[in-house]
Structure formats: C-alpha cells, structure tokens
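Here's a solo chain for you in structure tokens, the form predicted on its own.
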C-alpha cells in the first residue's frame, strides 16, 4: 500500500500535485481542507466552528481532524493507498496517523514536501482568492498568519519524518509537469 503525506505551506501546490498523484497511482485523496469545506458547505456544527477558525487563519483542533481521517480510512478498507494533503499538520497528528494506519496493518510510505518561498505563496493565494471565493485567500494578513501557523506548527513534521527516513524535499516552483516528475522520481526511490 502506498501512503503518502503531501506536505507544504498553503499555496505550495498540494491540490494540483495530489490530483496528478491520485490518478497515476490510483490513490484515495484525503484533503483535510476539502473535508472541512464539505462540512462548512453542509452547515454542520463542525463546519460552522471550522469556518470561524479558518477565517482567522487558525488550525482546526487535532481531535476533530483525526476523527474525520479515521472515518475516511474506515470507509475505504480495500484502498490501494492514500495521499494525505494538509494532514498531518503537527507531530501529534503524525503520531495519531501512524497509530491509525498501524491499526490497518500499514504505514506512511513517505513524506513529499513542496518547498516554496513565502512571497510566492502570498502571490499564489491572492490570485487563487480572486477565483475561489475563499475569504482566507483574499486577505494578505490572514494568508501571512496561515503561513506563520504553518511554519510554527507544521514545519517540525519534516524532522519527524526525516527521523523515520521518509522525508523528501521537492522544489515547488516551476512548471507543474516538472514538479510532478520530481514527485514521481521520489516515489520510485521509496
């Protein structure tokens, strides 16, 4: 089973690249952002609370996110693999994910980290906000807070997976096809 963590700050291109990886390797895409936006669109209690936090650029609590991931893993017991996009975001979540996958007799195959400079991220997100309608992509201060949150809480995951021998940094700037080829090379090397 191929289980990948696609890693990178907001605007790094995780959504674009994960779609290509899902197709190539027949993986199930688990995006916490998509899961949360689905809850928001459905107007659930979880969705309303998540929207309030997301609009401020604050991460949704671990227990909520882990519960959603557990549910998705249980709904897909015969999957050939998963690509985790936007999860885990903290070492505690990574440990919880290891535990959840271990329950299913599998583990993370590798973490692929898209590396992009902050100025480029802000530009990409502001451009995306023009089309997406997402309020968290339309305000530069909120975007910078999201990047700050990422750097403070999520960047330690690189060390967590590096310690396990599962971390690979990929330059996330350039042509989409070039970035995709770099990701495929890293997967082949796993």
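Residue numbers count along the first chain shown, from 1. The shown structure was predicted, so the numbers you read here are calculated from the model rather than taken from an experiment.
Just so it is clear, the following notes concern the form predicted in complex with ligand ADP, a form of the same protein that is not shown.
- Though the partner is left out of this view, residue 70 does not reach within 4.5 Å of ligand ADP in the predicted bound form, counting heavy atoms only.
- Proximity of residue 136 to ligand ADP in the predicted bound form falls within the 4.5 Å heavy atom cutoff.
- Under a 4.5 angstroms non-hydrogen atom cutoff, ligand ADP in the predicted bound form has residue 11 among its neighbouring residues.
- At the 4.5 Å threshold, heavy atoms of residue 128 reach ligand ADP in the predicted bound form.
- Stretch-level contact check against ligand ADP in the predicted bound form with heavy atoms at 4.5 Å: of 160-168, 22-30, 58-66, 41-49, the positive one is 58-66.
- Contact annotation for 69-107: residues with any non-hydrogen atom within 4.5 angstroms of ligand ADP in the predicted bound form are 86, 87, 89, 93, listed in sequence order.
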